[in-house]
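Before any questions on binding or motion, here is one chain by itself as structure tokens, the form predicted alone.
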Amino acid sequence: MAKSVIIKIKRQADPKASSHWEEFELPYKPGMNVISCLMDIAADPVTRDGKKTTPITYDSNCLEEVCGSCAMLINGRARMACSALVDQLEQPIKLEPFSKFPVVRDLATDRSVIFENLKAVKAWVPIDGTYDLGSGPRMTAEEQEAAYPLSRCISCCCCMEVCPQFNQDTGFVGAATISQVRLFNTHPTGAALKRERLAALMGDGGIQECGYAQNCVEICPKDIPLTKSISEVGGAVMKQAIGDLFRK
């Protein structure tokens, strides 16, 4: 008997529709990942019991764990579908959309909140409005080595999905945003906006909402030292807040 792959998918037609499960059975192929399974379903969208259905809606792009698009819950764990190999997953493989973001359709969710958070903390190097002034300040090899792991963030939102503090009640910006504050505050040019970034983390949903559960650093697909970022940025926020108090 030929080997097969059983995929169980939580589906939802639109943001207001109720969800339901559909199960699919696919022929096994060596090296299959979750995305290739979804592609096979799209080529022949028939459920395991023979019912004709629609292809699964999901997000994906690079297919090599760089863009962060294909994040979803796979067997209850937040991870990237492109790097989730069938051979390493328990069957039936259960696919669900992230639970803390609005569902657009099926496995696709609206994760735009992370980009709003990044804009709020000015997660960029400020150069607008300047002329060519030549090369900027040089970074030492040690500074580059410290910054590189932070720059690996792919905005997949896995850290936000598993964070117990990230919810509608707290409005917590999440570990990824805090880590980007650390990255740009340590950049010799980016440091120009350091005070503004730290001030943004003092308000509602800021760093004080973090409960230091450390789920984020455990789940991050790029092994970013998120808890270290939270610790360092938290100290900087506290130092600036106290300084501001005495300056009044």
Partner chain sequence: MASNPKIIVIGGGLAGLSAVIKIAEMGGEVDLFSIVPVKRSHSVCAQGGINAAKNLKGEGDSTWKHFDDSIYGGDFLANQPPVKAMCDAAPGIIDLLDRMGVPFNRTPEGLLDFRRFGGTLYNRTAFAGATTGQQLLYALDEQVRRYEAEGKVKKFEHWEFLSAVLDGNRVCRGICAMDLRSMEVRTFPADAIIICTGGIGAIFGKSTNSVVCTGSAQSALYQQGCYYANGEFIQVHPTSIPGEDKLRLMSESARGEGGRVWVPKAPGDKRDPKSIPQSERWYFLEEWYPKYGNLVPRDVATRAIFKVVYEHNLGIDGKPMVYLDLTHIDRKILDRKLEGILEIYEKFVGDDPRDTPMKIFPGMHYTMGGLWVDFNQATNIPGIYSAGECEYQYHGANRLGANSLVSCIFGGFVAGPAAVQYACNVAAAPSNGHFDAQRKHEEENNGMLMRSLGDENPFKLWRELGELMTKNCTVIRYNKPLQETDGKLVELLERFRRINLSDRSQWANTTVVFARQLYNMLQLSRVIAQGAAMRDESRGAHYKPDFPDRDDKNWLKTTKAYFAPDADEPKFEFEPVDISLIPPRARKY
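Residue numbers count along the first chain shown, from 1. Keep in mind that what you see is a predicted model, and the values were worked out from it rather than measured.
Missing here is the form predicted in complex with the partner chain; even so, the following discussion is about that form.
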Picking from Val217, Leu198, Met32, Leu26, the single residue whose non-hydrogen atoms come within 4.5 angstroms of the partner chain in the predicted complex is Met32
Check all three, Leu63, Leu85 and Leu133, heavy atom within 4.5 Å of the partner chain in the predicted complex: yes
Exercise for the section: Consider Asn167 of the chain shown here, and say whether it contacts the partner chain in the predicted complex, taking contact as heavy atoms within 4.5 Å. Expected result: no
Exercise for review: Look up in the predicted complex whether Pro137 has a non-hydrogen atom within 4.5 angstroms of the partner chain, and give yes or no.
Suggested key: yes
_Under a 4.5 Å heavy atom criterion, is Pro15 part of the interface with the partner chain in the predicted complex?_
yes
### Query
Going by a heavy atom distance of 4.5 Å, is Pro126 a contact of the partner chain in the predicted complex?
yes
Checked 82-112 against the partner chain in the predicted complex; residues with a heavy atom within 4.5 Å, sequence order, are Cys82, Ser83, Leu85, Val104, Arg105, Thr109, Asp110, Arg111
